[in-house]
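Shown next as structure tokens: one chain only, the form predicted alone.
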Amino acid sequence: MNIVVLIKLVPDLVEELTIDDSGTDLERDWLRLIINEFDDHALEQGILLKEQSEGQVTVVAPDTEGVDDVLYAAAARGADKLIKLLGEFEQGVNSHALARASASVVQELQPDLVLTGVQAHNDLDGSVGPLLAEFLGMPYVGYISGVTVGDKKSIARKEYPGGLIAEMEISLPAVLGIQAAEEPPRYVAISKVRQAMKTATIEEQEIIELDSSGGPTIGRMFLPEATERATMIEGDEEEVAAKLVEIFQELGLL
């Protein structure tokens, strides 16, 4: 089983985010990047499948600050091959550009299964998974919380609202958007990561041009503006309902 996992780094929302002078991007000089949470689950699911089927896991990531550490950590967790995409990724790229850049590299690997996080909090033009599947000509299923593989087929467990779970049979090769791995992403000690730095090799693939067509053009970014328009309504159910009706009437909604 040849498994490819696509990961990317995203801004850490725990840190304070600042908009740059252009007003169309984040200030990136002090921006802290971490692995996208859902991509982390995709990586864990890939390693679990490798352990179950004796496959090989290749991790592909765009070159941004800190990506080497993330790739070496992936090797310490069980990834077999590490590929870093070289290009103008530092200032951020949209999902269309990342999917196109990844597709050419992934296609050469001839994977049986491609895993990626179902979404990321900086996806403004859709998640990478379905775009990548389109460029590769493969089927795609998202919001997956469990995967088993067989002879040229995969069974994906997909979650729906209301606690409903469906199992879908998918012909391979395919792209799956992982929402949650069957087990939480494993912790690896720093000592194992340092050992991986000495033994693992990061292969570099240069991306000559990034095609962002199909994505949005950002006209302005701004922080939420604080206001004092919130009104707390007190009282029992009938008093609250009466007050709401009065407010709606004043606004001309009733």
Partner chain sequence: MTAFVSNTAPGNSSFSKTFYDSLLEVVDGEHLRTCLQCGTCSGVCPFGYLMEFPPGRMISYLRADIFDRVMDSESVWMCVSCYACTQVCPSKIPLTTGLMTRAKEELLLAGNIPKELQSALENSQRYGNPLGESPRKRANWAKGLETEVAIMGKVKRPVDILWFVGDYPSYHPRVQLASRALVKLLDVLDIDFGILGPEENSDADSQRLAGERGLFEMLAEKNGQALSKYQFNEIITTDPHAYNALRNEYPKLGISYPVRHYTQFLADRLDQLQPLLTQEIKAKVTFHDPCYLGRANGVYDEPRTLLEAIPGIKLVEMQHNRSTSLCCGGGGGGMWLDGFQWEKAHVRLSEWRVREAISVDADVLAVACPYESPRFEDAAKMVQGAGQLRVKDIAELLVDAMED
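Everything numeric in this text was worked out from a predicted model, so none of it was measured. Residue numbers count along the first chain shown, from 1.
The discussion below concerns the form predicted in complex with the partner chain, not included here.
Consider the chain as shown here, without its partner, and state which of E237, E16, D21, E234 has a heavy atom within 4.5 Å of the partner chain in the predicted complex.
The residue in contact is E16.
Quick one: of I202, V188, L26, L210, which gets a non-hydrogen atom within 4.5 angstroms of the partner chain in the predicted complex?
Comparing distances to the partner chain in the predicted complex, the residue within 4.5 Å is V188.
Since only the chain is shown here, I'm wondering whether P184 would be in contact with the partner chain in the predicted complex (any heavy atom pair within 4.5 Å).
Flag for P184 set to yes.
Taking 4.5 angstroms as the cut-off for heavy atoms, does R220 touch the partner chain in the predicted complex?
The answer is no: R220 has no heavy atom within 4.5 Å of the partner chain.
Answer for K198 alone: is it within 4.5 Å of the partner chain in the predicted complex, judged on heavy atom distances?
Contact check for K198: no, nothing within 4.5 Å of the partner chain in the predicted complex.
If you check in the predicted complex, is L33 within 4.5 Å of the partner chain, heavy atoms only?
L33 belongs to the contact set for the partner chain.
Report the stretch among 224 to 232, 202 to 210, 54 to 62, 188 to 196 that approaches the partner chain in the predicted complex to within 4.5 Å, counting heavy atoms only.
Result for this chain: 188 to 196.
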